[in-house]
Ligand code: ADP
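Next comes just one chain, in C-alpha coordinates: the form predicted alone.
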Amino acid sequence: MKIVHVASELFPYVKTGGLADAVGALSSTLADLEHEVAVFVPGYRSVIDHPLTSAAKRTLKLRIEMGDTFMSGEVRSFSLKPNLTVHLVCREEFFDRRAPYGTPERDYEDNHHRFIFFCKGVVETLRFLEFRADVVHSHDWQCGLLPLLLRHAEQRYEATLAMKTIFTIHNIAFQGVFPMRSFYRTNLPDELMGIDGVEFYGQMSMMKAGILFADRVTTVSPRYAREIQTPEFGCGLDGVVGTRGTDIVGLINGIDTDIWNPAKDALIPANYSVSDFTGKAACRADLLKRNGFDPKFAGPVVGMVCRLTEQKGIDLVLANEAFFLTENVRFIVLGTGEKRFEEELRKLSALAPDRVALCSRHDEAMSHLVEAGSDFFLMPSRFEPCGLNQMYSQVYGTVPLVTRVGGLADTVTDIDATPETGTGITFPPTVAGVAEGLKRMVKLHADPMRLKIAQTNGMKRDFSWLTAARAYEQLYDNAL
(Lines give C-alpha, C1' and ligand atoms only; values in the text may rest on other atoms or scores of the structure.)
Protein backbone atom coordinates (compact mmCIF):
# COMPACT_ATOMS: atom_id res chain seq x y z
CA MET A 1 0.00 0.00 0.00
CA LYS A 2 0.93 3.66 -0.40
CA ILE A 3 0.46 5.19 3.04
CA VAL A 4 0.80 8.81 4.16
CA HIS A 5 1.11 9.80 7.83
CA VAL A 6 0.61 13.44 8.81
CA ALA A 7 1.44 14.65 12.31
CA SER A 8 2.74 17.64 14.26
CA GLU A 9 5.50 15.57 15.90
CA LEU A 10 7.90 12.84 14.80
CA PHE A 11 10.53 11.04 16.88
CA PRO A 12 13.48 11.69 17.00
CA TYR A 13 13.14 15.14 15.43
CA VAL A 14 10.47 16.79 17.55
CA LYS A 15 8.71 15.35 20.58
CA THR A 16 6.52 16.61 23.42
CA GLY A 17 4.80 13.30 24.21
CA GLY A 18 3.78 9.87 22.98
CA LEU A 19 2.46 11.14 19.63
CA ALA A 20 5.99 11.50 18.26
CA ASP A 21 6.94 7.97 19.34
CA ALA A 22 3.78 6.46 17.88
CA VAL A 23 4.05 8.14 14.46
CA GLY A 24 7.78 7.47 14.19
CA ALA A 25 7.57 3.81 15.12
CA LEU A 26 4.40 3.03 13.16
CA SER A 27 5.62 4.63 9.94
CA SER A 28 9.02 2.93 10.24
CA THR A 29 7.49 -0.49 10.90
CA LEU A 30 5.07 -0.16 7.99
CA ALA A 31 8.03 0.65 5.74
CA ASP A 32 9.78 -2.50 6.99
CA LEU A 33 6.64 -4.41 5.98
CA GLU A 34 7.25 -3.24 2.38
CA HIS A 35 4.63 -0.50 2.23
CA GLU A 36 5.55 2.79 0.54
CA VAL A 37 5.32 5.31 3.37
CA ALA A 38 5.52 9.11 3.40
CA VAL A 39 5.46 11.16 6.60
CA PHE A 40 4.64 14.89 6.73
CA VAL A 41 5.70 17.04 9.67
CA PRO A 42 6.07 20.83 10.05
CA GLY A 43 9.56 22.19 9.37
CA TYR A 44 10.25 23.33 12.93
CA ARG A 45 13.64 24.76 13.78
CA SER A 46 14.49 21.65 15.81
CA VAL A 47 13.74 19.45 12.81
CA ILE A 48 15.65 21.56 10.28
CA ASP A 49 18.69 21.69 12.59
CA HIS A 50 18.64 17.99 13.48
CA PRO A 51 21.76 16.13 12.23
CA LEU A 52 19.65 13.40 10.64
CA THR A 53 17.85 15.91 8.38
CA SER A 54 21.00 17.42 6.88
CA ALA A 55 20.33 15.54 3.63
CA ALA A 56 16.89 17.15 3.19
CA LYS A 57 16.45 18.79 -0.21
CA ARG A 58 13.82 21.21 -1.42
CA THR A 59 11.17 19.24 -3.27
CA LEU A 60 8.90 22.08 -4.30
CA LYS A 61 7.85 25.64 -3.58
CA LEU A 62 4.44 26.22 -2.05
CA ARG A 63 1.92 28.96 -2.73
CA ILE A 64 -0.93 28.36 -0.29
CA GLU A 65 -4.28 30.13 -0.41
CA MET A 66 -5.06 31.35 3.10
CA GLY A 67 -8.34 33.24 3.06
CA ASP A 68 -8.01 36.31 0.85
CA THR A 69 -4.24 36.07 0.48
CA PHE A 70 -1.55 33.62 -0.63
CA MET A 71 1.37 32.54 1.53
CA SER A 72 4.61 31.03 0.32
CA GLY A 73 6.53 28.11 1.72
CA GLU A 74 8.51 25.10 0.64
CA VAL A 75 8.74 21.37 1.12
CA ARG A 76 12.03 19.71 2.02
CA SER A 77 12.30 15.94 1.73
CA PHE A 78 14.70 13.21 2.75
CA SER A 79 14.69 9.42 2.88
CA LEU A 80 15.15 7.75 6.26
CA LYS A 81 15.34 4.17 4.98
CA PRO A 82 13.97 2.12 2.08
CA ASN A 83 10.22 2.78 1.57
CA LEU A 84 10.17 5.73 4.02
CA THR A 85 10.35 9.42 3.04
CA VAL A 86 9.88 12.42 5.34
CA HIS A 87 8.51 15.70 3.96
CA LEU A 88 8.93 18.92 5.94
CA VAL A 89 6.35 21.65 5.27
CA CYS A 90 8.31 24.85 5.89
CA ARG A 91 7.50 28.51 6.41
CA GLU A 92 9.80 30.43 8.76
CA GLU A 93 7.06 32.76 10.02
CA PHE A 94 5.08 29.76 11.32
CA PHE A 95 7.62 27.10 12.26
CA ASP A 96 10.99 28.73 12.99
CA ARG A 97 10.32 28.78 16.75
CA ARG A 98 11.83 27.19 19.82
CA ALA A 99 8.81 25.01 20.66
CA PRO A 100 6.09 23.37 18.54
CA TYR A 101 2.97 24.83 20.17
CA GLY A 102 3.85 27.65 22.56
CA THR A 103 5.80 28.87 25.55
CA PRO A 104 5.50 27.37 29.06
CA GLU A 105 3.03 30.17 29.84
CA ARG A 106 0.68 29.99 26.86
CA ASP A 107 0.04 28.62 23.37
CA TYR A 108 1.05 30.60 20.30
CA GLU A 109 -1.82 32.87 19.31
CA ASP A 110 -1.55 31.91 15.62
CA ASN A 111 -1.63 28.11 16.05
CA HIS A 112 -4.82 27.92 13.98
CA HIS A 113 -3.11 29.67 11.04
CA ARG A 114 0.04 27.58 11.45
CA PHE A 115 -1.72 24.23 11.23
CA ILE A 116 -4.20 25.27 8.55
CA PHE A 117 -1.15 26.19 6.46
CA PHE A 118 0.51 22.89 7.33
CA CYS A 119 -2.52 20.80 6.31
CA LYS A 120 -2.94 22.75 3.09
CA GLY A 121 0.76 22.29 2.38
CA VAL A 122 0.34 18.52 2.71
CA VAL A 123 -2.61 18.54 0.30
CA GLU A 124 -0.71 20.62 -2.26
CA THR A 125 2.34 18.38 -2.01
CA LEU A 126 0.26 15.24 -2.57
CA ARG A 127 -1.34 16.94 -5.57
CA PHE A 128 1.89 18.09 -7.20
CA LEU A 129 3.86 14.91 -6.50
CA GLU A 130 0.90 12.80 -7.70
CA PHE A 131 1.46 10.35 -4.84
CA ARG A 132 -2.06 8.87 -5.16
CA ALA A 133 -2.17 7.41 -1.67
CA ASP A 134 -4.21 4.40 -0.68
CA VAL A 135 -4.48 5.83 2.84
CA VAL A 136 -3.83 9.27 4.31
CA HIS A 137 -3.61 8.93 8.09
CA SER A 138 -3.69 12.15 10.12
CA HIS A 139 -3.11 12.52 13.86
CA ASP A 140 -4.68 14.74 16.53
CA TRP A 141 -6.24 18.20 16.29
CA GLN A 142 -3.31 19.80 14.47
CA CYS A 143 -4.16 17.62 11.45
CA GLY A 144 -7.92 17.38 12.02
CA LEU A 145 -8.80 19.56 9.03
CA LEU A 146 -6.77 17.42 6.63
CA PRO A 147 -9.48 14.90 5.58
CA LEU A 148 -11.85 17.78 4.82
CA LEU A 149 -9.26 19.88 2.98
CA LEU A 150 -8.16 16.85 0.98
CA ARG A 151 -11.66 15.99 -0.25
CA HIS A 152 -12.36 19.63 -1.05
CA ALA A 153 -9.15 19.79 -3.14
CA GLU A 154 -10.14 16.62 -4.98
CA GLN A 155 -13.45 18.21 -5.99
CA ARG A 156 -11.79 21.49 -6.90
CA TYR A 157 -9.06 19.96 -9.07
CA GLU A 158 -10.94 16.82 -10.19
CA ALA A 159 -8.12 14.62 -8.92
CA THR A 160 -7.83 11.61 -6.62
CA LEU A 161 -5.38 12.24 -3.77
CA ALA A 162 -6.31 9.38 -1.44
CA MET A 163 -8.60 6.38 -1.54
CA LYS A 164 -9.34 6.55 2.20
CA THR A 165 -8.59 8.85 5.13
CA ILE A 166 -7.95 7.83 8.74
CA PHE A 167 -7.96 10.17 11.74
CA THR A 168 -6.47 9.15 15.09
CA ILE A 169 -7.42 10.75 18.40
CA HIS A 170 -4.40 10.51 20.68
CA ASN A 171 -5.94 12.72 23.38
CA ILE A 172 -9.43 14.19 23.01
CA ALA A 173 -8.74 16.73 25.76
CA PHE A 174 -6.78 18.79 23.22
CA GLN A 175 -9.27 19.80 20.53
CA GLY A 176 -7.84 22.69 18.52
CA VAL A 177 -10.69 25.09 19.34
CA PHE A 178 -10.35 28.59 17.87
CA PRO A 179 -12.58 31.61 17.14
CA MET A 180 -14.89 30.96 14.19
CA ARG A 181 -13.41 33.94 12.35
CA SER A 182 -10.37 31.71 11.76
CA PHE A 183 -12.47 29.56 9.43
CA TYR A 184 -12.00 31.94 6.50
CA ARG A 185 -8.36 30.82 6.28
CA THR A 186 -9.52 27.33 5.26
CA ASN A 187 -11.30 28.56 2.07
CA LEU A 188 -13.87 25.82 2.67
CA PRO A 189 -17.58 26.30 1.84
CA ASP A 190 -19.51 28.43 4.35
CA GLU A 191 -22.01 25.64 5.07
CA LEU A 192 -19.23 23.80 6.91
CA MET A 193 -19.27 26.50 9.58
CA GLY A 194 -22.48 25.02 11.04
CA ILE A 195 -23.20 22.37 13.65
CA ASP A 196 -22.89 19.62 11.02
CA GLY A 197 -19.44 20.97 10.18
CA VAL A 198 -16.62 22.38 12.28
CA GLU A 199 -18.71 24.56 14.63
CA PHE A 200 -18.28 23.78 18.34
CA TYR A 201 -20.14 26.02 20.81
CA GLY A 202 -19.76 29.01 18.53
CA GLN A 203 -16.13 28.32 17.72
CA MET A 204 -14.20 26.16 15.26
CA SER A 205 -12.90 22.76 16.40
CA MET A 206 -10.21 21.10 14.28
CA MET A 207 -10.59 17.88 16.28
CA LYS A 208 -14.29 17.78 15.46
CA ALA A 209 -13.51 18.14 11.75
CA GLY A 210 -11.27 15.08 11.83
CA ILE A 211 -13.84 13.02 13.70
CA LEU A 212 -16.68 13.90 11.33
CA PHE A 213 -15.00 13.85 7.94
CA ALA A 214 -12.38 11.06 8.00
CA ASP A 215 -13.45 7.71 6.54
CA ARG A 216 -12.33 5.93 9.71
CA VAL A 217 -11.58 7.21 13.22
CA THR A 218 -9.21 5.48 15.63
CA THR A 219 -8.02 5.95 19.18
CA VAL A 220 -4.99 4.41 20.84
CA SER A 221 -6.79 1.79 22.93
CA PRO A 222 -10.13 -0.07 22.72
CA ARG A 223 -11.32 1.12 26.15
CA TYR A 224 -10.51 4.74 25.34
CA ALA A 225 -12.60 4.43 22.16
CA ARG A 226 -15.55 3.55 24.39
CA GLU A 227 -14.72 6.07 27.10
CA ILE A 228 -14.70 9.10 24.81
CA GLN A 229 -18.30 8.35 23.86
CA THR A 230 -19.30 9.21 27.44
CA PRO A 231 -19.64 12.66 29.07
CA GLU A 232 -17.05 11.72 31.72
CA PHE A 233 -14.21 11.30 29.20
CA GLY A 234 -15.48 12.86 25.96
CA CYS A 235 -14.59 16.47 26.89
CA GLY A 236 -17.75 17.74 25.18
CA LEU A 237 -17.18 15.78 21.97
CA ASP A 238 -18.76 12.53 23.18
CA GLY A 239 -21.89 13.14 21.09
CA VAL A 240 -19.81 13.80 17.97
CA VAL A 241 -17.73 10.66 18.50
CA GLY A 242 -20.92 8.67 19.06
CA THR A 243 -22.18 9.58 15.58
CA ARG A 244 -19.38 7.53 14.02
CA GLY A 245 -20.72 4.23 15.40
CA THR A 246 -18.74 1.31 14.02
CA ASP A 247 -16.37 3.64 12.15
CA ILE A 248 -14.36 4.21 15.35
CA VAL A 249 -11.92 1.60 16.59
CA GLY A 250 -9.27 1.49 19.33
CA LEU A 251 -5.83 0.07 18.53
CA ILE A 252 -3.11 -0.24 21.16
CA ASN A 253 0.20 1.49 20.42
CA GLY A 254 3.37 -0.54 20.54
CA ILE A 255 6.73 0.16 22.12
CA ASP A 256 10.15 0.29 20.49
CA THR A 257 11.68 -2.99 21.65
CA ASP A 258 15.08 -1.99 20.25
CA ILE A 259 15.18 0.85 22.80
CA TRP A 260 13.06 -0.56 25.62
CA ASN A 261 14.51 -4.02 26.15
CA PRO A 262 16.27 -4.98 29.41
CA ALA A 263 18.30 -7.65 27.61
CA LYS A 264 20.20 -5.05 25.56
CA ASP A 265 19.44 -1.65 27.10
CA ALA A 266 22.71 0.31 27.12
CA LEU A 267 21.35 2.88 29.60
CA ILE A 268 21.09 0.50 32.56
CA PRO A 269 24.01 -0.87 34.61
CA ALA A 270 23.20 -4.56 34.04
CA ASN A 271 21.14 -6.37 31.45
CA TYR A 272 18.71 -9.15 32.25
CA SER A 273 15.89 -11.21 30.73
CA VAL A 274 12.97 -13.37 31.74
CA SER A 275 15.30 -16.40 31.75
CA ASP A 276 18.10 -14.66 33.68
CA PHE A 277 16.76 -12.13 36.17
CA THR A 278 19.97 -11.49 38.09
CA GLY A 279 20.80 -8.14 36.46
CA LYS A 280 17.65 -6.51 37.86
CA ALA A 281 19.11 -6.56 41.38
CA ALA A 282 22.09 -4.51 40.18
CA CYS A 283 19.74 -2.01 38.54
CA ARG A 284 17.73 -1.78 41.75
CA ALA A 285 20.80 -1.10 43.86
CA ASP A 286 22.06 1.54 41.43
CA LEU A 287 18.68 3.31 41.36
CA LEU A 288 18.58 3.46 45.16
CA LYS A 289 22.17 4.69 45.43
CA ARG A 290 21.74 7.43 42.81
CA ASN A 291 18.74 8.78 44.69
CA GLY A 292 20.46 8.85 48.08
CA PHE A 293 19.07 5.63 49.52
CA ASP A 294 20.73 2.54 50.94
CA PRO A 295 21.33 0.23 47.94
CA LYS A 296 20.68 -2.77 50.20
CA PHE A 297 17.16 -1.62 51.14
CA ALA A 298 14.89 -4.70 51.14
CA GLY A 299 11.39 -3.15 51.07
CA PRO A 300 9.30 -2.13 48.04
CA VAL A 301 10.88 0.36 45.60
CA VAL A 302 8.18 2.35 43.79
CA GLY A 303 9.02 4.35 40.66
CA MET A 304 7.07 6.98 38.76
CA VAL A 305 7.99 8.75 35.49
CA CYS A 306 5.50 11.24 34.08
CA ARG A 307 4.46 14.81 33.46
CA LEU A 308 3.41 16.27 36.78
CA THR A 309 -0.18 17.14 35.87
CA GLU A 310 -3.64 16.40 37.19
CA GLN A 311 -4.29 14.02 34.29
CA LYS A 312 -1.48 11.81 35.58
CA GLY A 313 -3.12 11.62 39.02
CA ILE A 314 -0.41 13.47 40.95
CA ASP A 315 -3.08 14.90 43.25
CA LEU A 316 -4.25 11.35 44.04
CA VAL A 317 -0.71 10.43 45.04
CA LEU A 318 -0.29 13.54 47.21
CA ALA A 319 -3.59 12.80 48.95
CA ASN A 320 -1.97 9.53 50.05
CA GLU A 321 1.21 11.13 51.41
CA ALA A 322 0.68 9.48 54.79
CA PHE A 323 1.44 6.12 53.16
CA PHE A 324 4.84 7.31 51.95
CA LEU A 325 5.61 8.96 55.31
CA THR A 326 4.84 5.89 57.40
CA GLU A 327 5.33 2.75 55.27
CA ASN A 328 8.80 1.28 54.81
CA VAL A 329 9.00 1.99 51.06
CA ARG A 330 11.22 4.02 48.76
CA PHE A 331 9.38 6.29 46.31
CA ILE A 332 11.28 7.81 43.35
CA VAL A 333 9.56 10.33 41.05
CA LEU A 334 11.09 11.56 37.77
CA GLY A 335 9.37 14.34 35.86
CA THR A 336 8.49 18.00 35.52
CA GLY A 337 5.19 19.79 35.07
CA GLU A 338 2.87 22.07 36.96
CA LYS A 339 4.70 24.10 39.60
CA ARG A 340 2.14 23.34 42.30
CA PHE A 341 2.73 19.62 41.97
CA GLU A 342 6.51 20.01 41.85
CA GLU A 343 6.37 22.08 45.03
CA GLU A 344 4.11 19.60 46.85
CA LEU A 345 6.31 16.65 45.88
CA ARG A 346 9.38 18.59 46.98
CA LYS A 347 7.73 19.22 50.36
CA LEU A 348 6.95 15.50 50.66
CA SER A 349 10.57 14.68 49.88
CA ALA A 350 11.73 17.19 52.51
CA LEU A 351 9.43 15.62 55.11
CA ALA A 352 10.75 12.13 54.35
CA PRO A 353 14.17 12.42 52.66
CA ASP A 354 14.92 8.84 53.67
CA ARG A 355 11.85 7.56 51.81
CA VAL A 356 10.94 9.94 48.93
CA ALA A 357 13.12 11.36 46.12
CA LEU A 358 12.06 13.83 43.41
CA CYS A 359 14.10 14.21 40.21
CA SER A 360 12.48 17.27 38.61
CA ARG A 361 14.15 17.08 35.22
CA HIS A 362 14.03 15.38 31.83
CA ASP A 363 16.51 12.50 31.97
CA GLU A 364 16.26 9.67 29.46
CA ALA A 365 18.90 7.51 31.15
CA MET A 366 17.24 7.90 34.56
CA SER A 367 13.84 6.99 33.07
CA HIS A 368 15.31 3.69 31.90
CA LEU A 369 16.90 3.11 35.30
CA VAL A 370 13.62 3.81 37.11
CA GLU A 371 11.89 1.21 34.93
CA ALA A 372 14.64 -1.35 35.42
CA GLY A 373 15.42 -0.73 39.09
CA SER A 374 11.95 -0.34 40.60
CA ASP A 375 9.92 -3.22 41.98
CA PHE A 376 6.67 -1.40 41.17
CA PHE A 377 5.73 1.42 38.81
CA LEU A 378 2.93 3.77 39.89
CA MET A 379 0.71 5.20 37.13
CA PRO A 380 -2.51 6.57 38.71
CA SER A 381 -3.84 8.50 35.70
CA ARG A 382 -7.32 10.03 35.81
CA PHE A 383 -7.53 9.21 32.11
CA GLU A 384 -4.96 7.64 29.79
CA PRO A 385 -5.66 7.16 26.07
CA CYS A 386 -2.95 4.51 25.75
CA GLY A 387 0.11 5.01 27.94
CA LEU A 388 3.57 3.60 27.36
CA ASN A 389 5.23 3.32 30.76
CA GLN A 390 2.92 0.55 31.93
CA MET A 391 4.12 -1.46 28.91
CA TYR A 392 7.78 -0.57 29.52
CA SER A 393 7.34 -1.68 33.13
CA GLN A 394 6.00 -5.11 32.26
CA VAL A 395 8.79 -5.70 29.75
CA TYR A 396 11.32 -4.77 32.48
CA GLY A 397 9.77 -7.06 35.10
CA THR A 398 8.50 -4.11 37.09
CA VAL A 399 4.94 -4.60 38.33
CA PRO A 400 2.66 -1.72 37.23
CA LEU A 401 0.16 -0.14 39.64
CA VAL A 402 -2.42 1.51 37.37
CA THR A 403 -5.89 2.95 37.37
CA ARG A 404 -8.60 1.13 35.43
CA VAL A 405 -8.86 3.66 32.61
CA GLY A 406 -8.10 3.70 28.87
CA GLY A 407 -5.03 1.88 27.67
CA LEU A 408 -3.93 1.08 31.22
CA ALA A 409 -6.93 -1.21 31.70
CA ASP A 410 -6.38 -2.71 28.24
CA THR A 411 -2.73 -3.63 28.82
CA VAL A 412 -2.43 -4.55 32.53
CA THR A 413 -4.05 -7.70 33.93
CA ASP A 414 -4.80 -7.64 37.66
CA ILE A 415 -2.81 -10.27 39.56
CA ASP A 416 -5.54 -10.75 42.19
CA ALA A 417 -8.35 -11.12 39.66
CA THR A 418 -6.37 -13.55 37.48
CA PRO A 419 -3.57 -15.08 39.61
CA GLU A 420 -2.15 -17.27 36.86
CA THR A 421 -1.85 -14.62 34.12
CA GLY A 422 -1.84 -11.33 36.05
CA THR A 423 0.86 -8.75 35.41
CA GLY A 424 -0.01 -5.86 37.77
CA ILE A 425 -2.41 -4.19 40.17
CA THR A 426 -5.38 -2.15 38.95
CA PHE A 427 -7.70 0.16 40.90
CA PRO A 428 -10.22 3.01 40.43
CA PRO A 429 -8.92 6.55 39.63
CA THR A 430 -9.73 7.92 43.10
CA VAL A 431 -7.88 8.75 46.31
CA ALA A 432 -9.30 5.61 47.92
CA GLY A 433 -8.43 3.59 44.81
CA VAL A 434 -4.76 4.61 44.98
CA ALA A 435 -4.73 3.81 48.71
CA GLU A 436 -6.12 0.36 47.97
CA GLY A 437 -3.53 -0.23 45.25
CA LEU A 438 -0.64 0.74 47.50
CA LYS A 439 -1.83 -1.59 50.27
CA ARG A 440 -2.13 -4.44 47.78
CA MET A 441 1.37 -3.63 46.55
CA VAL A 442 2.84 -4.09 50.05
CA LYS A 443 1.01 -7.40 50.37
CA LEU A 444 2.27 -8.60 46.96
CA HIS A 445 5.85 -7.61 47.79
CA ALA A 446 5.65 -9.75 50.92
CA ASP A 447 4.80 -12.80 48.77
CA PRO A 448 7.91 -13.44 46.61
CA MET A 449 6.32 -16.30 44.69
CA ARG A 450 3.30 -14.27 43.55
CA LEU A 451 5.54 -11.29 42.82
CA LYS A 452 7.74 -13.41 40.56
CA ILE A 453 4.65 -14.70 38.71
CA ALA A 454 3.51 -11.14 37.97
CA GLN A 455 7.03 -10.13 36.85
CA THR A 456 7.46 -13.17 34.61
CA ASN A 457 4.02 -12.81 33.04
CA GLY A 458 4.76 -9.16 32.23
CA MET A 459 8.13 -9.88 30.63
CA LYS A 460 6.52 -12.44 28.34
CA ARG A 461 4.02 -9.94 26.92
CA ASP A 462 4.45 -8.87 23.27
CA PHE A 463 4.07 -5.10 23.02
CA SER A 464 6.19 -4.72 19.88
CA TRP A 465 5.30 -2.27 17.15
CA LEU A 466 5.25 -5.15 14.68
CA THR A 467 2.13 -6.48 16.41
CA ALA A 468 0.60 -2.98 16.47
CA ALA A 469 1.47 -2.32 12.82
CA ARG A 470 -0.26 -5.55 11.75
CA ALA A 471 -3.45 -4.26 13.38
CA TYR A 472 -3.16 -0.98 11.43
CA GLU A 473 -2.57 -2.96 8.22
CA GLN A 474 -5.86 -4.76 8.84
CA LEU A 475 -7.60 -1.45 9.52
CA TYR A 476 -6.33 -0.02 6.23
CA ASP A 477 -7.36 -3.14 4.34
CA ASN A 478 -10.85 -3.01 5.84
CA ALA A 479 -11.21 0.69 5.01
CA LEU A 480 -10.15 0.11 1.42
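Computed from a predicted structure; not experimentally measured. Don't overthink the numbering: it's just position in the shown sequence, from 1.
Below: the form predicted in complex with the named molecule, not depicted.
Partner contact region in the predicted bound form: 332-340, out of 106-114, 332-340, 156-164, 206-214, criterion any non-hydrogen atom within 4.5 Å of the named molecule. Contact annotation: residue 367 falls within 4.5 Å of the named molecule in the predicted bound form, judged by heavy atom distances. Under a 4.5 angstroms non-hydrogen atom cutoff, the named molecule in the predicted bound form lacks residue 469 among its neighbouring residues. Although the partner is absent here, residue 373 sits far enough away that none of its heavy atoms falls within 4.5 Å of the named molecule in the predicted bound form. Within 4.5 Å of some heavy atom of the named molecule in the predicted bound form lies at least one heavy atom of residue 361. Residue-level contacts in the predicted bound form: of 287, 148, 305, 317, one residue has a heavy atom within 4.5 Å of the named molecule, and it is 305.
The listed set 95, 392, 183, 118 contains one residue whose heavy atoms approach the named molecule in the predicted bound form to within 4.5 Å, identified as 392. Contacts between 16-40 and the named molecule, taken as any heavy atom within 4.5 Å in the predicted bound form, involve 17, 18, 19, 21.
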